[in-house]
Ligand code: PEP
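A single chain comes next, written as structure tokens; it is the form predicted on its own.
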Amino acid sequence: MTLKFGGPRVLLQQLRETMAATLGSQERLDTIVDLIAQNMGADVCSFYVLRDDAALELFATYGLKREAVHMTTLRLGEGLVGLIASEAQSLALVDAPQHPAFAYRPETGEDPYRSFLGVPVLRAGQIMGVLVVQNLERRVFREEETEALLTTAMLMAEMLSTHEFESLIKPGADVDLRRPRTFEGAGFAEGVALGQVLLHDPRVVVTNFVADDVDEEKERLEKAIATMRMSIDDMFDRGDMQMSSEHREILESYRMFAHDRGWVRRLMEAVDNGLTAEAAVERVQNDTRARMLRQTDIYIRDRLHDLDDLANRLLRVLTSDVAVFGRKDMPENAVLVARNLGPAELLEYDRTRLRGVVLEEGATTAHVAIIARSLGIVAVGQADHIVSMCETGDDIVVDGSAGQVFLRPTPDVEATYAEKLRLRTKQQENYALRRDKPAVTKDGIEVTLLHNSGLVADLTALDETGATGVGLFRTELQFMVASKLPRLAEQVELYKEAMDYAGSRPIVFRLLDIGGDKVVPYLRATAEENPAMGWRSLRLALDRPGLLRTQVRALLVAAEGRALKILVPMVTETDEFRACANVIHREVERLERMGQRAPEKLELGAMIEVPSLLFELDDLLVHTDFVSIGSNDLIQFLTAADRANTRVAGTYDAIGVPRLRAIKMIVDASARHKVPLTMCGELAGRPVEALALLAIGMTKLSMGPSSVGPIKDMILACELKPIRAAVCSMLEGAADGSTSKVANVRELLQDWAERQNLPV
């Protein structure tokens, strides 16, 4: 038999014409396998589709018995087809029946065929099926023939993703790419969200696969690679990239991959095989992703993100794709899915339609997580690889409390969470009924519940929750979401609007707390190896007195003679607080000299979040009108565990004995000096942690709006005095009857919660 290989370009042109023809789904598939067999001089061409039950079903064949179509199946790893699917690798054999993995299916009539070439059908690195050609004679398949079949398989994957062949799937089954998937992440903001996926950075959709002019496509690809390399090099020239940093290391990975000769060679070979430049990028990335996903080495799997970003960057250069989703493009119940997200980017979306946020990266203390909590948007982070596995419009369920995400959920999962959402709505209605009821324990201890805020948009929740004021207004959010430094007038407008909305309720403005993980793009700084303990917050403000004076001036003017509370962040020693207070008092004097009204009452507070301050509390409290605890940083520094590092962030219990003893030192010192104390960190908004704070004597808690209802419920049901006695006994190291049965504070509190039937 004389074999005639027509080449990939001829085959792709024929397949494109077949795709455009008016044909039924099965007829189209049958025509395609016929064309592949004829073009490659093969006696058999078969197409297997991976179903969501992990079975590979024969969907179409030329050469085998037609009655086997939709009847023959193989499990993943079973037979040569199952082996290709499980390993995502091509397989070429001169004598297939001799291979140890060969599995004969008599209904197909394939026993006379010897030579075998099979390739995986991939999309976004995920297996969708297997494409096979076979011959009666022994045949050595050439490399270009394998490449041609791989290129054809890429087109088959795109066809499968269009849902055209759903009618061919057996009832109760689906294509594996669209099967339900569950992601275990970290809960950033509690609640339940049901909706549709909205990709923050949607993948470039390649629509033209077949090159009309190969030389022109190669030239386009070369120019795009050069442009991309130049843009990466330009990033290295920025001032904040001159020293070692995590961002620089990521860019180094980008640059290494962008200049990798093997990667560029594979791209060019794909174009030589008849693909457009865009299709070549997608084809090579598909193969690379499939291989890397099956690696056990964590470092190699982590590099997947870098390669994905690089491929997407190159596709955007090729397509000049700068489009983003606007408000009109958002579904009514949108769930935003992204690798990572900044606070400004989140605020660009229509919050009336946004139900949830899912990130592949991030930390619970990241500002995007804080904003999500403030706005009542359910959020989950650290959902590995979700971006590559979903499409805009996919159904999705987000459980912020459990840190779980269900992509394309099954009907029973969706029904379960729809019921949870209904119950949660009912719960919120019950909280609203108790909105105006004071938060007082059963044994008469009154607790003040306040909001954490940073946006005027979330101050509306004051009326909804019945909180008595704002315990922490994060002024840096205005700076983080702006493209340039907010001017004095802009700051005055924001602070005045916030104070107007709060009315007679107290509102505490924290001075600018930037640096570390709170990046402000227009304030360039030298890169630091450990920014959390670097030039940030009060240190930055004292070194940039103009910035500090402008903000203080804006707050004083916005007050218009009303009472004003200013909180100084990240105080490391008393002298720093006094230096900041001197700047504030000089601005008050300046205001009065200009004939403007000074605040009728000005209170200055210190935020305690640096452990060194614990050893001069008596010195500090003499100079303060109030103090607040920033538990996020305090716990981070006490444990030497970076709160943004997912490997260590959850290692230590925030209410473990050492941490709780440190917080109690602040509580006791504040009581001695009669200085009001508020907890403003994340601990205040979680019931068990809030109970621990109440047990050591705190009575003012500031939290996200969505936490006020649950915390108030816990307080109203609680008899606090016996719990206080038990916790204090444990902190003092005693082992009486109340503590001997438990190993730690958390277990002790959960034991008391069960005894008193507390909703924690």
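Heads up: residue numbers just count along the shown sequence, starting at 1. Keep in mind that this is a model prediction, so the values were computed, not measured.
Below: the form predicted together with phosphoenolpyruvate (PEP), not depicted.
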Wondering, does R283 line up within 4.5 Å of phosphoenolpyruvate (PEP) in the predicted bound form on heavy atoms?
no
Given that phosphoenolpyruvate (PEP) is not shown alongside this chain, does R181 nevertheless sit within 4.5 Å of it in the predicted bound form, heavy atom to heavy atom?
no
Consider E476 of the chain shown here, and say whether it contacts phosphoenolpyruvate (PEP) in the predicted bound form, taking contact as heavy atoms within 4.5 Å.
yes
4.5 Å heavy atom contact, R123 and phosphoenolpyruvate (PEP) in the predicted bound form:
no
Out of the stretches listed (484-492, 225-233, 673-681, 370-378), which one is close to phosphoenolpyruvate (PEP) in the predicted bound form, meaning heavy atoms within 4.5 Å?
673-681
Phosphoenolpyruvate (PEP) isn't shown here, but in the predicted bound form which of R255, R643, R549, K420 has a heavy atom within 4.5 Å of it?
R643
Could you work out which of E145, E217, E689, E609 is the residue within 4.5 angstroms of phosphoenolpyruvate (PEP) in the predicted bound form, going by heavy atoms?
E609
May I ask you to list the residues of 619-640 that have any heavy atom within 4.5 angstroms of phosphoenolpyruvate (PEP) in the predicted bound form, in sequence order?
G630, S631, N632, D633
